[in-house]
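What follows is one chain in structure tokens, specifically the form predicted alone.
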């Protein structure tokens, strides 16, 4: 890894150069919120954002994604991955993408994810402003972000850019970079350490202790009914989560009745019909019909079920679920701390 420095004015020119040469997806303002969008102008770039509405995984796996096209017995893949730069990703969202890389490359590989991921260069950036529901400093502390190609840190007069992969080094050639000084490297390190102390919410126990205690709470039906009493089953907590990866698949037919396309859309285990399956003959069965069982399943997935596979919890502490929940009952910190203290 090599540390470079680029001034604020030269950074703007660098981003302009990127926009002209490749698709750049980056955080932009949406009134008082922020969203990862295709960057049209460097003036729209907001690296000082707190958290985006939807996670940056949408640049690799869109909310709705075409999988295949068919016409009679003819079927062709709809994969059309093109090079893109995913710019300004906070480290917790990099960790989430790392998890999806792991999960989608196991067993029956998800070639759609892998194709678009291969064509994506991820340039992460430091957290300049912490969101009011974040707890990224205290969750999955043993898991480090690793899937990014470069890392930008705002320092006095510009940015320190750590080029981690050859992809990042190739981008350096498009800007006016120079070697970062020891003082600039130290300033960047201090900035990234300082932000970990600014999270407003904190998990009070270790990953291992949480995994064990939450799993043991599985049969405490009344506890889960209390947690989910005000749940609307709207699925907002699933849809905004950077580590959720469930999807629904539907065929869309053209008017000719023989051609069409197969698409997938993001789905969520908190939705009432998520676990409903067909039994044939017009009959169905919903094996998580009660909302407290869906609420419990979500927490089990985040805190216990995937830990061994991911070497940590399937949660990165972004706080999106807490912020998006209308009755404010989805916050993992409140739920887990209450279980641990019971």
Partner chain sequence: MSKKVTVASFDFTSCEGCQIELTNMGEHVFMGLLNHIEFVEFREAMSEKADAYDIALVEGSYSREIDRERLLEIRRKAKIVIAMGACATCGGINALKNHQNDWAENVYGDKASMPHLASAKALPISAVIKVDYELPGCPMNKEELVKVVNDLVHGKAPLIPDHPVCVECKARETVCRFELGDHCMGMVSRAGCGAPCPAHGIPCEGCRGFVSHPNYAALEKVLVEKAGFSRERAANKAQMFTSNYLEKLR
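Numbering follows the first chain given and starts at 1. Computed from a predicted structure; not experimentally measured.
Beyond the structure shown, there is the form predicted together with its partner chain, which is absent from this document and is the topic of what follows.
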(Q) Using a 4.5 Å heavy atom cut-off, which residue among 144, 74, 82, 230 comes into contact with its partner chain in the predicted complex? (A) 230
**Q.** Option touching its partner chain, based on a heavy atom within 4.5 Å in the predicted complex, out of 216, 222, 256, 208
**A.** 256
Q | Within 4.5 Å of its partner chain in the predicted complex, all of 67, 106 and 269 (non-hydrogen atom) | A | no
Q | Partner proximity in the predicted complex: residue 63 to its partner chain, non-hydrogen atom cutoff 4.5 Å | A | yes
Q. Is there a heavy atom of residue 58 no more than 4.5 Å from a heavy atom of its partner chain in the predicted complex?
A. yes
**Q.** in the predicted complex, residue 18 touching its partner chain (heavy atom, 4.5 Å)
**A.** no
Q: Using the partner position in the predicted complex, report whether residue 239 sits within 4.5 Å of its partner chain, counting heavy atoms only.
A: yes
Q. Counting only heavy atoms and a 4.5 Å cutoff, which of 309-317, 42-50, 29-37, 295-303 contacts its partner chain in the predicted complex?
A. 29-37
Q | Sequence-ordered residues of 294-328 touching its partner chain in the predicted complex, heavy atom within 4.5 Å | A | 323, 324, 325, 326, 327
